[in-house]
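Next comes just one chain, in structure tokens: the form predicted on its own.
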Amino acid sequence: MGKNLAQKILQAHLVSGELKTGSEIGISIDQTLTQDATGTMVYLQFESIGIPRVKTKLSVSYVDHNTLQTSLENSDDHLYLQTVAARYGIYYSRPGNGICHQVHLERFAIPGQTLLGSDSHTPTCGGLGMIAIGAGGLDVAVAMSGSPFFLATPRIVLVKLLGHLRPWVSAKDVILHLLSASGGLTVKGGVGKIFEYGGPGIRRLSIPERSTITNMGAELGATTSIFPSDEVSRQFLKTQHREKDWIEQCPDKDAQYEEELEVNLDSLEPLIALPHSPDNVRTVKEVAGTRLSQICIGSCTNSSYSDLMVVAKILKGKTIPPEVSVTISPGSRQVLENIAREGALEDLIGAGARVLEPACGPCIGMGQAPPSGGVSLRTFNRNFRGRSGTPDAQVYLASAETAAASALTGVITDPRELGKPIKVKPLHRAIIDDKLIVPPAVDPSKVEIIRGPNIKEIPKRGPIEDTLEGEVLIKLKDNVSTDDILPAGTKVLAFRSNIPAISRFTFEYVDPDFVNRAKEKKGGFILAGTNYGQGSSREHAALAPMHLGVKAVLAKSFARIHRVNLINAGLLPLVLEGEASYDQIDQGDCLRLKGLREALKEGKGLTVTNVTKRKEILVTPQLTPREAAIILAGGLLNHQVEAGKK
């Protein structure tokens, strides 16, 4: 029986376990990446482990989130990141060099290798044939110390692409189709799965197009997504002056898959995600005419050379209407330099677009917040409520082509109305200038790590108690995102290296009284529906509740990364048994769990007593023995340090 591509790479990196769906495996990690919104915590954790130098083949620290440096916290953290990178053997991508996923794809991604990143959109590099997985920061810190990364063996799903994209239909429409009701996956459809793309339709997709699809595979809840490494990959690496890094990586001809999906590219049309979820998808023509106050083009999803060249050609010689603000966020300094060489930058500026520095920017609410009640069309990957920085904004997601067509009219516009399709010549030889990527110090002993006053010690939980008791502090519905738990934006992310300070914003948009209630009740429990913790990988959404005294989270189901982040923080994730269990608990109810330590050691189920309602409710930890040991130790950092002493 032949192997698929994902199996081949996982098998080549297998350290422990068996590639059997659902069973836990440990894989070696070749490369890691961090970004500044998560990176400070990663490196504080790495320092706590006590390893003198990273043990990966390559680790890169990017500054791409808090580049505005609106206060001393941002600037101080960047100095910390630069000096800790120099000391421990990590490359440092300076502010202005670009978004981690775009830059890593351009300069560091290697087919057939494994990449672990403290950002949920790390699977972007799957477009170049890597197993690239987003994870919590502590998992990345542990991987940098040379330990394996553990995960449940995913189901491998073949997505067979047939035909070819019609004019004005793009790769963004492919992933929006999969998220849509007609595509059938939604934001929960990829949980526990790797999507491997194949079929004749992939041959016409460039690496930027492939990486757009793998990037937004994160919105499906997938572990990762991957394309083969083929001639298209070789040409991309040649453009990047890195042809020596290319190797062919393809599935066997008789490869087996656990599921198969077919997407007929010929049948797709321009699509758009409506507020407030990436899977709330309609055709563009259904919502055409919706008036816009803002259009944001770029982010790690659609900020490549080809994306921005198409936008520039559409806008060339035109004028953006005065009632709509249009911003352009190039994905990297390389993209910016190359579109400038081609004259596209002049065309964008001439049309009235505002060109921002190569950074995440508006995607995480770091500037360019829409007006009150404003409608913003973005080429980004997420449109959760409040993520833009304006709580009541209506954010839509669409392709660069749809965004550019809409920029000419001030309303949502089907790009097919533009008539003859735009053709962009492929970039044959990119301008390469890596001066903003700083290599680690040759002599690390001479590096002084600079720590500003905002950098605080990592809070730790002690070993879990045998009995947990407290109130339900909040009851939440389905699909709560990490943006709901702990918002992004300028006000919050400045405190990413200071858990006591950042915890003040926990559930700020959902329930402004949560923090005071948690303090008054000396902690308690969180109750949630399905897919709790979807979205960003930021482990702060687990660390902040832990700091506030949250003892455990009960939910119908958990998003992959957040579930692991809870375990790593020493917080017990408990799955409610039966649909009725959720309805038997309300906010304010007092809950009690007894005999925890023995149950965790023996892998038994648990009974939660609702003291207030006098009901018994069954819950399941669903922990592997390794995860149970982490919870018993009070979190992964405690567990790792203890293991190092043995």
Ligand code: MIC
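Keep in mind that this is a model prediction, so the values were computed, not measured. Heads up: residue numbers just count along the shown sequence, starting at 1.
The form predicted in complex with this ligand exists for this protein as well; it is not shown, and the discussion that follows is about that form.
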Problem - Contact check for Thr38, Ser120 and Arg387 against this ligand in the predicted bound form, heavy atom at 4.5 Å - result: yes
Practice task
Give a yes or no for Ser537: in the predicted bound form, does one of its heavy atoms lie within 4.5 Å of a heavy atom belonging to this ligand?
Solution key: yes
Problem - Partner proximity in the predicted bound form: Arg382 to this ligand, non-hydrogen atom cutoff 4.5 Å - result: yes
Handout entry: Non-hydrogen atom contact Arg210 with this ligand in the predicted bound form at 4.5 angstroms
Key = no
Exercise for the section: May I ask you to check whether His104 falls inside a 4.5 Å heavy atom distance of this ligand in the predicted bound form? Expected result: no
Handout entry: Single option in Lys172, His562, Arg496, Arg378 placed near this ligand in the predicted bound form, where near means a heavy atom within 4.5 Å
Key = Arg496
Handout entry: Residue (of Leu128, Ile364, Ala273, Ile133) lying close to this ligand in the predicted bound form, criterion heavy atoms within 4.5 Å
Key = Ile364
Handout entry: Partner-facing stretch of 515-523, 120-128, 86-94, 67-75, counted where any non-hydrogen atom is within 4.5 angstroms of this ligand in the predicted bound form
Key = 120-128
